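The form predicted alone is given below as one chain in structure tokens.
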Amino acid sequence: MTALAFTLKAAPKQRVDVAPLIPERLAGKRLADIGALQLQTGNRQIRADELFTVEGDDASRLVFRGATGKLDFVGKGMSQGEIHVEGDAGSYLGMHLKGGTITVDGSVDAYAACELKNGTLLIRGNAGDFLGASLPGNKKGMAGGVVIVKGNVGDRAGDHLRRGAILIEGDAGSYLGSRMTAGTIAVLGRVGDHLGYAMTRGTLLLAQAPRVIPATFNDCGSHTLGFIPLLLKGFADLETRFADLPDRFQRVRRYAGDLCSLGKGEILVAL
């Protein structure tokens, strides 16, 4: 069986909501029925086969070929199977993901992994603002699973993070881990200002010292924390550099805060 492939016929002029194209909704359908599915674009709907050439027979594995940043809601609410995006993706990638795996070869826009509950999301390029965050007005962000970004991420990554892990191999913007209540965010590159703003619990694990440690975090000195190598070894089956770096974080400097909030979060900086 071959993966069910959606190949763009031409770059869309407006953003397209591709949320209906997930494995559990396509299982058992004929290609003609899949092609007839209505996708929202702008203020109108179009058939899937107007936008894509649809081929293949294995609905548990979906491939978007020639994808652009105008394809929004890829994998929204998916609970099983695999989606592979050959190219870029738009906003809300993996929103409300409950299981399965989404892989993007390029970059994505804002709100990737928004309110994600479980599963694995791998972005081989960059990600926009509010990675793993909550929707505007909500207070419950990502609640499980693993998100890996091979490139850089924008501002507010992990905003309201509740559980799970976000692994960033490039740089992160401002307000990293803002208002997070649990979970882990690890960064190999540089981080922006206002790190851990209003976080109550959780861990920010940094390979490089930030330019400024917020004044509302207490310096707790240097430590050898045995859970960090175990945590990183847990990612050994995933495509991430963190799994190969347990020695990099054997010794860390710990900062506790945000003392303007509950103050039980921590920033761990490799020494």
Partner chain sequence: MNINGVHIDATFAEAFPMKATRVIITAQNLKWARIAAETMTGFATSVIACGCEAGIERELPPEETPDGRPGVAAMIFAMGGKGLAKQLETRAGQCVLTSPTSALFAGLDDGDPIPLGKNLRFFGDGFQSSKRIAGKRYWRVPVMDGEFLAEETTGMVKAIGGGNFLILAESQPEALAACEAAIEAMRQVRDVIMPFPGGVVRSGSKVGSKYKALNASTNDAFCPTLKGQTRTDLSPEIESVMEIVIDGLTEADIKKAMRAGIEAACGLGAGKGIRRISAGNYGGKLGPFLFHLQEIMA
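Positions refer to the first chain, counted from 1. Everything quoted here is computed from the prediction, not taken from an experiment.
The same protein also has a form predicted in complex with its partner chain, omitted here; what follows describes it.
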| Three-residue site Pro20, Lys76 and Thr101 fully in contact with its partner chain in the model of the complex at 4.5 Å by heavy atom | no
| said: Which is the contacting stretch out of 210 to 218, 229 to 237, 25 to 33, 56 to 64, given heavy atoms within 4.5 Å of its partner chain in the model of the complex? | reply: 229 to 237
| query | Among Thr120, Asn152, Thr184, Ser107, which has at least one heavy atom within 4.5 Å of its partner chain in the model of the complex? | reply | Thr184
| task | Look up in the model of the complex whether Arg254 has a non-hydrogen atom within 4.5 angstroms of its partner chain, and give yes or no. | result | yes
| Taking the shortest heavy atom distance, is Leu225 within 4.5 Å of its partner chain in the model of the complex? | yes
| said: Contact with its partner chain in the model of the complex for Thr68, defined as at least one heavy atom pair within 4.5 Å: yes or no? | reply: no
| request: Answer for Thr203 alone: is it within 4.5 Å of its partner chain in the model of the complex, judged on heavy atom distances? | output: yes
| note | Applying a 4.5 angstroms cut-off on non-hydrogen atoms, the residues of 235 to 271 near its partner chain in the model of the complex are Arg254, Lys264, Glu266
